[in-house]
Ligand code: HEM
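Heads up, the chain below is alone and in the form predicted alone; it's given as structure tokens.
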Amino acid sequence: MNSPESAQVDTQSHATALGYMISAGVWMVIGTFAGITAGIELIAPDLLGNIAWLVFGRLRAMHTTIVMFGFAVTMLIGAAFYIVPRLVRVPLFSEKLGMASLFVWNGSLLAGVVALSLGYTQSREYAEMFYPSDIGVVVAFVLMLWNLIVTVMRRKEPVLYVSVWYFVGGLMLSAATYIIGNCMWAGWKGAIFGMPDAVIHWFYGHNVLGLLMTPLAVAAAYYVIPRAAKAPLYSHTLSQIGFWSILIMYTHIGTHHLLQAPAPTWLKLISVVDSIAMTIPVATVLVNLWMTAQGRIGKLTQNPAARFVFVGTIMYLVVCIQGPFQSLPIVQRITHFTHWIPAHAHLAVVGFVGMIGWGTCYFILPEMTGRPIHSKRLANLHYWLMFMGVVSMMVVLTISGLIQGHAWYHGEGVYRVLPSTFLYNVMRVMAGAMIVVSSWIGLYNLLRSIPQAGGARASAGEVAS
């Protein structure tokens, strides 16, 4: 089956998918508020009077955890609970089990974020949540996987479309990666000792993007773009090459975060080589999607939902050019520990994954509710604010990072560079404000669309005012 177009299933309820997507919209509002508050503290450190749970160190961990897990991952898991049953031509195995996984997932994230605000943290990048939350996240992953795997096992469609591979495979690999990366066998400590801990940590830290967010986003794009373009997928073979090559190559690249640390040289070499080799799975995905859309770009750009997704794939290209480039030791001498890194991270999580997440949400909502999305105008405004916010933040932080890196490389102290980056931090907050407003618009549009269920079914991906 080279296209998801023909996959049709008559389902009565999509409570699980809708629940995850609504949760993602709420988490995005909270996460962007934490982010912009942290950004304001960089330009006005005394503004909030040193309130403990609003200091930068706690807000930053809350912001990254909420936006990555609460928004990006949650939105795409919601999409998976709708798309996978549709592609295999059977209803979701259990909506009750799906809602149970949502309850455990949200409860674990909420407990983790509250704990972070109170200062309880494992102090590890992207693995800050404390042990009880880690247990809850793994339990939620297991419940999600069981629901999706049993659904696939009951399928009426003999050929598994590539989106099913990415959705199920990404969640399966991420459950294992989460246990390893959070050193869950070490209990409340959440870490071991020395360089082994650093290697394990960055095995996890990079694979949060590469084996969780990236497969979910690519799976969604493989569903939306052929349907929006009304064309079969260009190559099923290419899609399989992309799936297996990302599994083989991405798992080894985390150590490129430790090139300036005493990690084994052979491991550093493998990480740099595989970082560059990541151009293979990225190229197969993008060539496949863009060739599918060849000659039909107008249809994609006229559909606000598909435009979100298509632009997300372009941002994926930029992210995956930056990644191999900044893995090179000669580049890291300048970029490491600077604003260049959060520029890259924002483009990856909010630009690539976030844009595809919102676009997929807008695309499948009419299919689930039976009516067009609440407002095409709001969807367009949401797109432009989010797009301009992400691009502006990436450009501003990249410039600021290069200023920092070159100054430090030539011996300047950190405090002497701060005046040079002040204006860029102001512009960072302005860019963040656009993303904050876009998140409110997206949540409002999503909530206003859901009560319209029950009417005549909308055409696939229809977005109307």
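Numbers follow the displayed sequence, beginning with 1. It should be emphasised that the depicted structure is a prediction, and the values quoted were computed from it without experimental measurement.
The next section is about a form of this same protein that is not shown, the form predicted together with ligand HEM.
- In terms of contact with ligand HEM in the predicted bound form, the residue from F387, Y204, F243, Y250 that brings a heavy atom within 4.5 Å is Y250.
- Screening V309, L216, L289, M393 for any heavy atom within 4.5 Å of ligand HEM in the predicted bound form leaves a single hit, M393.
- Interface membership of E125, defined by any non-hydrogen atom within 4.5 Å of ligand HEM in the predicted bound form, is confirmed.
- H382 falls outside the set of residues with a heavy atom inside 4.5 Å of ligand HEM in the predicted bound form.
- Ligand HEM in the predicted bound form comes within 4.5 Å of a heavy atom belonging to F56.
- Proximity of S327 to ligand HEM in the predicted bound form: non-hydrogen atoms within 4.5 Å are present.
- Every residue in the set M28, V319 and G432 has a non-hydrogen atom no more than 4.5 Å from ligand HEM in the predicted bound form.
- The stretch from 147-155, 111-119, 252-260, 183-191 that comes within 4.5 Å of ligand HEM in the predicted bound form, counting heavy atoms only, is 252-260.
- With contact defined as any non-hydrogen atom lying within 4.5 angstroms of ligand HEM in the predicted bound form, the contacting residues in 55-85 are F56, R60, H63, T64, V67, M68, F71, given in sequence order.
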